[in-house]
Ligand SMILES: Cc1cc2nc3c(=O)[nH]c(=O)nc-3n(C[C@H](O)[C@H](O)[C@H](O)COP(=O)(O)OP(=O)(O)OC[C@H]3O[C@@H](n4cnc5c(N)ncnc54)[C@H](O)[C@@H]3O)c2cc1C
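Okay, here we've got a single chain as structure tokens, the form predicted alone, with questions on binding and movement later.
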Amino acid sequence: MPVEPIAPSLRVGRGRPDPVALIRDLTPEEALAAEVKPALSHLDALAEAYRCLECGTAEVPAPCQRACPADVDVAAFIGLIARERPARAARVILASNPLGGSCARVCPTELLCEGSCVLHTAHDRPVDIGRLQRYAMDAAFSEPASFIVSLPPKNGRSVAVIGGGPAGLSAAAFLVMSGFSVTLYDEHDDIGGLVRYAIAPYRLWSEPLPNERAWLEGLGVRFRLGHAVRDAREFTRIAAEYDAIVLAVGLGDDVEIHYPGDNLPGVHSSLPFIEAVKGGVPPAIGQHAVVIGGGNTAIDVAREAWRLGAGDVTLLYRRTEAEMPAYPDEVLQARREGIRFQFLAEPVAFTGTSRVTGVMVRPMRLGAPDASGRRRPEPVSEAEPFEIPADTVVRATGQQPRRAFLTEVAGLEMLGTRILVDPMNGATSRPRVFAAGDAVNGGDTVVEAVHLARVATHGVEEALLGSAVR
């Protein structure tokens, strides 16, 4: 896209918000509502957009675009913001990422687009791409008519999308923008999947999901919410009504790892814990909170516990920091907030009578690598277990795949706990059934779910229309 040059004198920088400073003096109620990536004002958005060098060409996209799984033309939309055209910027975003508003809040931009920014590689602060994307999307959502998408004629084919999380919503959008009639099924009464129910509120409460749903409905996506597809019979019934299906069922409940005392009041699983917080009924947290796990959800829960008023929050992980699946930047922010990390430590029991009062922990060490390639933790036999005080314990050790349902579907092959797909088009082993999202990759970012949804959409186009529009 041709753009006007921007005067170098206008390329001024603005500091990023300090998440710790933002909530240091707030009450727990205020801290819960304080976003780690707050919205930019109009002037701050312009100042930040002016910093962008608008590098890249049509032949060689900018590094930030190449680092984005959704392939958003970052330089183009930031250039439009700099020229005070946020609605046009939103159109650029939505063409590649139908969940541009949500991704702006939850995407690990520090690892992706911002981590690849040429200013960053030049030892300067990267452009705040995530918050600029949020600025464009918020501005467009405030005037819905300003970013209506021109749709092609209907092609006469219909597709059912099963799952209303990031992959399902994105697939529905891409499909309807390709001329398909699309109906989306989800067991919940509202859309969003893990974005709505499993991502901490300091990243996203519910906005902008209502706006994203309204936009999808405006495109023509039909929603069948509160409609669970949990067995092969219901799947077969739906398959008979449509020309193709996109499975975007995500993952299921928390992994169940049982310990003595895990039925004590004050012991929680991560997903119900986060859902309760986002629903406005957070559990009593007490002074001491212990979180078990080493992924991004564990970090989210630990930081939420601190915001709820716990003075002492400890995260237990049975490997070392080097093996943690959580993003390094999130670990750093958690440390800055005062979260304590107890590595090479595995819980063996929860103590207490009428309520949990502690976690018994045994020291671990790393042995030989396991099937994942990581060194397997094993108990230190000569070390005695020790107790950590706990008024609240949250288990955040991952989610289970929906294997029970998926293995019932005739002709659908699994790769371990994941749906086996052709990586080029998302096709499963069952004809005209495609899959995307966490059920395929085992759990990844929202923006990666958007990418897999686009891949599956190309597969549907190839199967039903004979060609794919790339």
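Just count from 1 along the sequence shown to find any residue number. Everything quoted here is computed from the prediction, not taken from an experiment.
FYI, the form predicted in complex with the ligand isn't displayed, but the following is about it.
J.: Consider the chain as shown here, without its partner, and state which of 188, 213, 157, 88 has a heavy atom within 4.5 Å of the ligand in the predicted bound form.
T.: None of the other options qualify; the answer is 188.
J.: Just to be sure I understand the contacts: of 390, 302, 137, 249, which is the one whose heavy atoms reach within 4.5 angstroms of the ligand in the predicted bound form?
T.: By the 4.5 Å heavy-atom cutoff, the listed residue in contact is 249.
J.: Do residue 65 and the ligand share at least one heavy atom pair within 4.5 Å in the predicted bound form?
T.: Heavy-atom contact with the ligand at 4.5 Å: absent for residue 65.
J.: Can you check whether residue 192 is within 4.5 Å of the ligand in the predicted bound form, heavy atom basis?
T.: Looking in the predicted bound form, residue contacts with the ligand include residue 192, since a heavy atom lies within 4.5 Å.
J.: With heavy atoms only and a cut-off of 4.5 Å, decide whether residue 171 touches the ligand in the predicted bound form.
T.: Outside the cut-off, so no.
J.: Just to confirm, residue 444 within 4.5 Å of the ligand in the predicted bound form by heavy atoms?
T.: Contact check for residue 444: yes, within 4.5 Å of the ligand in the predicted bound form.
J.: Does every residue of 222, 411 and 460 put a non-hydrogen atom within 4.5 angstroms of the ligand in the predicted bound form?
T.: Not a single listed residue reaches the ligand in the predicted bound form, so no.
J.: From the candidate stretches 199 to 207, 71 to 79, 366 to 374, 260 to 268, select the single one in contact with the ligand in the predicted bound form, where contact means a heavy atom within 4.5 Å.
T.: Among the listed stretches, the partner-contacting one is 199 to 207.
J.: Any residue of 219 to 241 with a heavy atom within 4.5 Å of the ligand in the predicted bound form counts; write them all down in order.
T.: The stretch 219 to 241, when checked against the ligand in the predicted bound form, contributes 227, 228, 229 at the 4.5 Å heavy-atom cut-off.
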